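What follows is one chain in structure tokens, specifically the form predicted alone.
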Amino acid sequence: MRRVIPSPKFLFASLDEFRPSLKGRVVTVLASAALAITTAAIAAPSLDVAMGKRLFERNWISAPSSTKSDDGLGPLYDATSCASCHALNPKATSDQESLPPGLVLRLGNGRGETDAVYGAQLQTRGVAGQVPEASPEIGWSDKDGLRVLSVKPAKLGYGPLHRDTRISPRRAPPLNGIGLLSRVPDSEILKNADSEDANHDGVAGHVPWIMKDGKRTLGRFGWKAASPDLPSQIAAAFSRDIGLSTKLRSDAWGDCTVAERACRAGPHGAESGQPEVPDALFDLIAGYVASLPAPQPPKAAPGEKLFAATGCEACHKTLHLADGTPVRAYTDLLLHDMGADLGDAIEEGPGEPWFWRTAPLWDVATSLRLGGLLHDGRARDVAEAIEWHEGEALSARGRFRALPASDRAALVAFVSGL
């Protein structure tokens, strides 16, 4: 199959950045050298990964611009790059009053409908000439010693939300190791399903069935397992978060609805029906995300046995690839009823208002540095996250509470180090 070689300027930020200080002749030499490198090493997977990483980190700009490969942002959006939400190597820590980076505000109701005016997500930024959807007021409150995130959709730019619309804060999880989860066979996931709780252990794993191309398939990605594969999840993020069209989501206005006429009529980067993110670039980004290495498995620790003994492993399992290789992400990739207090009143894809996909428990330390655990970052540590577990996890929480203080600390230390 013939490979499409992206323009060599993607190896750099953009050759346009060099023009103010370099003669055109030097730019031509740089371009020629980059093209030679690209052509000679195109078979090397590391080059594709390097290019995908640069595209993952790039900041998109609004159209029209002189760099057609960089424009198309918005018109309404929440982020300018993939990396602005998914910080792979966070350096700064967040205090207890800070929002987790990459927090977005999902909209919906208990019937699986998005808001008729504002769509599936509240976009808080807009390009020049566009009115952002809202400037939400966000704060923390306390409930029985646990932290709760509250959101007030202030300064709504297009009228009130529908009376049934609910807001669900969602944080962007770490991406390391996510490619392994896409390789877990369906059969490995299905064998753990127990929607009727046939073994009477109180845990009923529900299969996240969704429709794709007219066929029933498993949902795997997203907090409610609404995306069947990584490309679908990435395309959804491009559309909702950055306002960019791709081969899987062709609307150049992203999440803007027909009620947001100015957004739909605004400047877009697409030309002649082509996506704003060209297919070759989209594939490089998807390949890079899939290549991110999984965190190293932790060394044997006393808390690991306690993790199993308390029942945490009933949902947070070790899955296996087709060749038997363990995937120590501690998730069964199934949906579970987590109780009303964790419910967000939104049905999304296969996930009912109080159901969540079992969150992987690797890179927990990164999530803590970014601001918190659970879907909205409300839990400041592992112990607080456990305290929010109800529904199918109620018995496991009770066993955790019953442990001696030293054992509770050992279990928390084990999970915190994943």
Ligand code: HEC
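All values derive from a computational prediction rather than experimental measurement. One rule holds for the numbers: they count along the sequence shown, beginning at 1.
Missing here is the form predicted in complex with this ligand; even so, the following discussion is about that form.
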Spell it out for me: taking this ligand in the predicted complex, does every residue among 82, 172 and 230 have a heavy atom no farther than 4.5 Å from it?
yes
Check whether residue 49 has any heavy atom within 4.5 Å of a heavy atom of this ligand in the predicted complex, and answer yes or no.
no
Should residue 78 be counted as a contact of this ligand in the predicted complex, where contact means heavy atoms within 4.5 Å?
yes
Is residue 312 close enough to this ligand in the predicted complex to count, meaning some heavy atom within 4.5 Å?
yes
Does this ligand come within 4.5 Å of any heavy atom of residue 351 in the predicted complex?
no
Partner-proximal stretch of 190-198, 131-139, 254-262, 104-112 relative to this ligand in the predicted complex, 4.5 angstroms, heavy atom:
104-112
Could you tell me which one of 73, 289, 329, 346 places a heavy atom within 4.5 Å of this ligand in the predicted complex?
289
Members of 389-418 lying within 4.5 angstroms of this ligand, judged by heavy atom, in the predicted complex:
389, 392, 393, 396, 400, 411, 415
